[in-house]
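Just one chain follows, in the form predicted on its own, and it is written as structure tokens.
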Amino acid sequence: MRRLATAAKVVVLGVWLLVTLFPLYWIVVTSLKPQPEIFSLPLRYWPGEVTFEHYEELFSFADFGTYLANSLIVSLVAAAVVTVIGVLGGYTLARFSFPGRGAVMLAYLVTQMIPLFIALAPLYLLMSDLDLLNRLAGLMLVYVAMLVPFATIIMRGFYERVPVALEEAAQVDGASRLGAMVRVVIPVMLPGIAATFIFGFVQCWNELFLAITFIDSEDAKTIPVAMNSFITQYDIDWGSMAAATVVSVVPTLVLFAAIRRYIVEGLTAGAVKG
């Protein structure tokens, strides 16, 4: 009976894995098909002739390399700034008692409940007055403002899981509060910091609504804005869309692979006293 239950679990998980991975597989296959074959019937689950024409079009005609670089710059810088502010803000809210701390937390939570499009018009006017439209710096600033409340809340939760006794022990040994935070708390917090950075990066990397509103210049377009241009009034360039999707997934996969190793190192570093 136990073997039957195990076999059933394996079958269910196998089916779920296939269902989950098939869209990714289909995107890759579509990016490798010639344009006429994408719409051919019956459907072909593997290209009759493998071609890289869609990838060549991306970097030859669509200037996709510039869009990729813009997305990397915006996402990395914004995620790094959000993480630093979240680390400091979360520590303040978790370790210090001061008048208005509850109001600050409530304000952060309320901002997460407000639909973004409500603030779009005044935000657009503000960006225009500051001459930040069609500028990567302006987009970074908006992303940071959008993500800081959530990052601070997340980091506060991670800090509250770290015993205060660790900092007190370091301070007894002569460390300042800042030194105790950097040398003792931060190593234990590395998994939380990595999670916050990943969250910020992915949110900035995939964001379309704000980017398409504030960016119209070809030199400042990010990947989501560029991919949106493949959709026209009468047609959708599915080949280029699929190729762009494959290319855009690669940096995220690389980041996740790197951060995964970093998280493991952080867990062990915070648990061992040198």
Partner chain sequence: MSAPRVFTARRAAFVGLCLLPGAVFVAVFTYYPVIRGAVIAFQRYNLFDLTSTPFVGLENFRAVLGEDRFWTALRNTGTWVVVSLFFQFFLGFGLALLLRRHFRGRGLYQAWVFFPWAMSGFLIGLLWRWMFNGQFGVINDLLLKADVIDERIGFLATPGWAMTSVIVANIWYGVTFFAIMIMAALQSVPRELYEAAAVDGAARLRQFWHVTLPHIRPTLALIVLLRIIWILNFPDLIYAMTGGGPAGSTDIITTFLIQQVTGGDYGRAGAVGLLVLGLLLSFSVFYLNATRFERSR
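Since the structure is predicted, the reported quantities are computational estimates derived from the model, not experimental observations. Numbering follows the first chain given and starts at 1. The term rigid core refers to the maximal set of C-alpha atoms that superpose within 1.5 Å between the two forms.
The form predicted in complex with the partner chain exists for this protein as well; it is not shown, and the discussion that follows is about that form.
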Heavy atom within 4.5 Å of the partner chain in the predicted complex, from candidates Ala194, Val162, Leu141, Leu76, belongs to Leu141
Just one of Met189, Ala170, Ile154, Ala94 has a heavy atom within 4.5 Å of the partner chain in the predicted complex. Which one? Ala94
Does Asp131 make contact with the partner chain in the predicted complex, using a 4.5 Å heavy atom cut-off? no
Is there a non-hydrogen atom of Ala175 within 4.5 angstroms of a non-hydrogen atom of the partner chain in the predicted complex? no
Since only the chain is shown here, I'm wondering whether Arg3 would be in contact with the partner chain in the predicted complex (any heavy atom pair within 4.5 Å). no
Tell me, yes or no, whether Ile236 is in contact with the partner chain in the predicted complex, where a contact means a heavy atom of each within 4.5 Å. yes
Under the 4.5 Å heavy atom criterion, name the residues of 66 to 88 that approach the partner chain in the predicted complex, in sequence order. Ile85, Leu88
For Pro42, state whether the C-alpha moves by 2 Å or more between this form and the one not shown after rigid core superposition. yes
Comparing between this form and the one not shown on the rigid core, is the C-alpha shift at Ile212 2 Å or larger? no
Superposing on the rigid core, do we see a C-alpha displacement of 2 Å or more at Val249 between this form and the one not shown? yes
